[in-house]
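As structure tokens, one chain now follows by itself in the form predicted on its own.
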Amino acid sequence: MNAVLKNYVAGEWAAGAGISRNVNPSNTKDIIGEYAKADSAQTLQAIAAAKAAFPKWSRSTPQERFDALNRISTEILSRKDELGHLLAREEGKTLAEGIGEVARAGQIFAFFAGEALRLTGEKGASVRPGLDVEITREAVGVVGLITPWNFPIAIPAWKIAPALCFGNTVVFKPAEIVPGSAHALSEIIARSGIAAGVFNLVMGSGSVVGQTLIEHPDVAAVSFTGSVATGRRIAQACVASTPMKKFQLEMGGKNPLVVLDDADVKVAVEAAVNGAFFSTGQRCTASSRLIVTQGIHDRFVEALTERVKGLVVDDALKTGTHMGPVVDQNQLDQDISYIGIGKDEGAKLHWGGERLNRETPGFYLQPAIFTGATNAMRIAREEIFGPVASVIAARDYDEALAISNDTEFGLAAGICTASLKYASHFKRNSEAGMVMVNLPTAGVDYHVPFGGRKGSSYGAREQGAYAREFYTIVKTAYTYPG
């Protein structure tokens, strides 16, 4: 076993108060590495370092911030195959998906390098004679970034890049079960030329590191992606803190894909398979509810089943694997539990849902298709976060739309149809933050806003130019020239 990989605090690599092991979900005998675990004291050191670095970094030139982010982007992209291999090995998505995610992280840093040069303000005349008005944006301060395990480099990238771009300093807490990609990204950031304290990595548990971040008065803002329950606790803590913190939450999804009678069956099946089962269904944008009108229902289910039967479930790093394992034993237990719940509720397990054995010990699960589901069932209302999809029958478009909106979530939604009328109506009337037509519900470009409505998201959008809404504060200033 190699040396323990350390946290990064105040420009130095520092041992933690404990150690965690990073296990390959495709082969539980493969220990990727040992990683330091921060305690509250080390998290406090990181917050203090970020606070000390903020005055100078927040007043750095756009060119300085562009150069740093551009260097980060360049290194990520030049190492995308290597980093993608690490990501697939520790998280369980296929090698192609891992490389694609790393490339997206590099593109995100490149985009925000450019945003550092594009930040502008406004200047105008006051309604009062002789006064000038300026509207500018300034950095928020120290931001705490708490990220999930399912996209262990892309989601950190779309939080860290805009935070640094707009002059904030960062304390980054990645998910405890996937520290490898976060540590590799942090090494790249540490080499980018930014000053000590501007960026800090504290690996460890949410109950210790995360709690310290959300409670500390010197943390001005918290951006979180994860479960609804944790998001609610973070929101309450940020509001209760003194001073109150700015917070941004990306949480769950129970995303519908509507398939109408006039849809191209092949297009609809590919959208459903990609959205529901790629990345092992472990995406908040996964299309776990397939709402199908009666005229195409049986043909769609038959074609979907044949397509899913052809998916190869195996080691994420093997050539030809379409779907890797779920991330760990806890997630596997949760998926299997929901499959049992679906059967108990009266839905038919049409295909799949079996625990699989492969050459190496891992958390392998057949993709599962339920039919005969209703939108009142738990499998249609609660986020499973695995390769489980429920087919729900609808009489017509109007009922399909009503079912798709009948959820506490509102992240993504899709429709497969040849009708411009229905496509246009769905885009306008879907209660989701992101809508896809004849496409999977998962998959958003790196330069456009990401986020949802209702219980899926709270606060400003992530990604793209809209990220400035969270990572900056608007200041209005008046001048009397005399």
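From 1 onward, residues are counted along the sequence shown. This one's a predicted model, so the numbers in the text were calculated from it and none came from an experiment.
Absent from the display: the form predicted in complex with ligand ADP. The rest refers to it.
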Item to check | S60, R65 and G141 each touching ligand ADP in the model of the complex (heavy atom, 4.5 Å) | outcome: no
Next on the checklist: Quick check on K173: any heavy atom within 4.5 Å of ligand ADP in the model of the complex?
Outcome noted: yes
Next on the checklist: Against ligand ADP in the model of the complex, would T74 count as a contact residue? Criterion: heavy atoms within 4.5 Å.
Outcome noted: no
Checklist entry - Do F109 and ligand ADP come within 4.5 Å of each other in the model of the complex, heavy atoms counted? => result no
Checklist entry - Even though ligand ADP is not shown here, does I194 get within 4.5 Å of it in the model of the complex, heavy atoms only? => result no
Next on the checklist: Taking 4.5 angstroms as the heavy atom distance cut-off, pick the stretch from 282-290, 269-277, 227-235, 365-373 that is near ligand ADP in the model of the complex.
Outcome noted: 227-235
Checklist outcome for this item: Residue within 4.5 Å of ligand ADP in the model of the complex by heavy atom, from G84, G252, G210, G352, is G210
Item to check | Answer option from S205, Q329, Q294, T319, heavy atom within 4.5 Å of ligand ADP in the model of the complex | outcome: S205
Checklist outcome for this item: Looking in the model of the complex, the residues of 304-335 with a heavy atom no more than 4.5 Å from ligand ADP, listed in order, are none
